[in-house]
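This document opens with one chain alone, in structure tokens, the form predicted on its own.
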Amino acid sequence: MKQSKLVLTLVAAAVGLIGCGEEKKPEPPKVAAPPPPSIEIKIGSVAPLTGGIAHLGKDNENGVLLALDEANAGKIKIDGKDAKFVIMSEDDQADPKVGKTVAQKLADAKVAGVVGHLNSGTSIPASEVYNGAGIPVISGSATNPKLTEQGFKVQFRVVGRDDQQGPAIASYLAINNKPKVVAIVDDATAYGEGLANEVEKTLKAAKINVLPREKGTDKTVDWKAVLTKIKGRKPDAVFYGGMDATAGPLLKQGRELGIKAVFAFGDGACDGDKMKELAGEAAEGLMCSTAGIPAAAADSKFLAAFKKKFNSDPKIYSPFTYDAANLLIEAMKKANSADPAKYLPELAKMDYKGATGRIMFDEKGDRKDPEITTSVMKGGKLEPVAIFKAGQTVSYEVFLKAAAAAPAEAPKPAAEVAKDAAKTAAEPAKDAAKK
């Protein structure tokens, strides 16, 4: 009997164990959810990163880098996929042949868009390559009119042209300095010669005597022969079309030879720190123009982000290359595609509020109503003194006041804002005349 009970007990225990085993049966392992689909979008950036104007090229590149970093942090989706924007940065050495070569390299890599080139001399030949490949390209600094006069639908720029910049600096020079004789020198590049031509046209139209043109190259650093010739003709002003690497030595040597004329330059020589480095005390009093607003007048959020990332302030055109990169990205978002053929129409009709203000393109790909700034070196600091916009020149202070007041009012066309600013600037003169 005891044995029977023992057997029953063992059987019951076994059944219990089997039941427990069934209850603790392990669940199948959970399969991790697949990562969301992603897409890598390559954006080309081209500028001279070596040589005499590498500091300007790096500044342009930094604008693109900041825009792409912010886009990636924003977790943008394109066509339902997580977009990762990657920069493909190329050094064109400010050389037209190299510019065309790196453009082909970017085309072969199937970049979705390009920000560049810095120089007109490299932008113009490179534009043929981008046009052939159907790749949208936006320059944040190339100013020669020819760039957008070729009929290429993929070519854009977010700065003014030399036929806007030249009249601006020349008019300011004529009105404020009243020179009777002006000497003009250029570096024989598409940019330098083109800008010098526009300055000469404006000065001659104002009945100012312009001396026969003097020439150098974008590598010239010994200007003594040219300057000695100029000194003998006693000009009241000297305009140089070229970059700061050659403009600095020209200015320094001119003062050493005793030339007392005012020296004026275009945007290529409007980096105050570099001009002080190259020309020393001779930089005081120089005049220069930029084909847009001053970098310091860019959007405050951009300026703070730039300072945080690069521990420096923007030089001249990084706010514009930042906007150029963001324009490409915004057009892709609107088209929901990184395919150039699909987002190009969106880019062409863009109305975008960027770090440098409102940006819209005309049928050629030029920025509508760009500002042109004239600055003067005062006390070792380059200070903006005037803004040329929509055919009107106003003081920088008046322009800032008009710009600050504009958001509180109903939006006005740029031409009306400039005319209002000009009217405001003229009031003190009228009051003085009455007295």
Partner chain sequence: MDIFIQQLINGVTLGSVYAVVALGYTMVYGIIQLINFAHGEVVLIGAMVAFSVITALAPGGWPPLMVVAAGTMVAIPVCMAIGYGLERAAYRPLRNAPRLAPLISAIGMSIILQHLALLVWSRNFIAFPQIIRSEPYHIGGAIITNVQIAIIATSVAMMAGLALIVYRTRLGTAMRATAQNQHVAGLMGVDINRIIAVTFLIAAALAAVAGVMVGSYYGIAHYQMGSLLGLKAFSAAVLGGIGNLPGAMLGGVLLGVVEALGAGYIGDFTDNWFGSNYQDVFAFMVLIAVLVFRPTGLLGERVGERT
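Numbering follows the first chain given and starts at 1. Computed from a prediction, not measured in an experiment: that's the story for all the values here.
This next part talks about the form predicted in complex with the partner chain, which is not shown.
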ask   = in the predicted complex, which of the stretches 395-403, 368-376, 63-71, 46-54 has residues with heavy atoms within 4.5 Å of the partner chain?
value = 46-54
4.5 angstroms heavy atom contact with the partner chain in the predicted complex for Val221 = yes
query = Are any of the heavy atoms in Ile329 no more than 4.5 Å from a heavy atom of the partner chain in the predicted complex?
reply = no
inquiry  = Even though the partner isn't displayed, in the predicted complex is Glu281 close enough to the partner chain, meaning a heavy atom within 4.5 Å?
reply    = yes
task = Consider Lys207 of the chain shown here, and say whether it contacts the partner chain in the predicted complex, taking contact as heavy atoms within 4.5 Å.
result = no
Candidate from Ala109, Ala304, Ala296, Leu257 lying within 4.5 Å of the partner chain in the predicted complex - any heavy atom = Leu257
ask   = in the predicted complex, which of the listed residues (Lys100, Lys215, Lys201, Lys81) lies with a heavy atom within 4.5 Å of the partner chain?
value = Lys215
query = Does any residue in 227-245 get within 4.5 Å of the partner chain in the predicted complex, counting heavy atoms only, and if so which ones?
reply = Thr228, Lys229, Lys231, Gly232, Arg233, Ala245
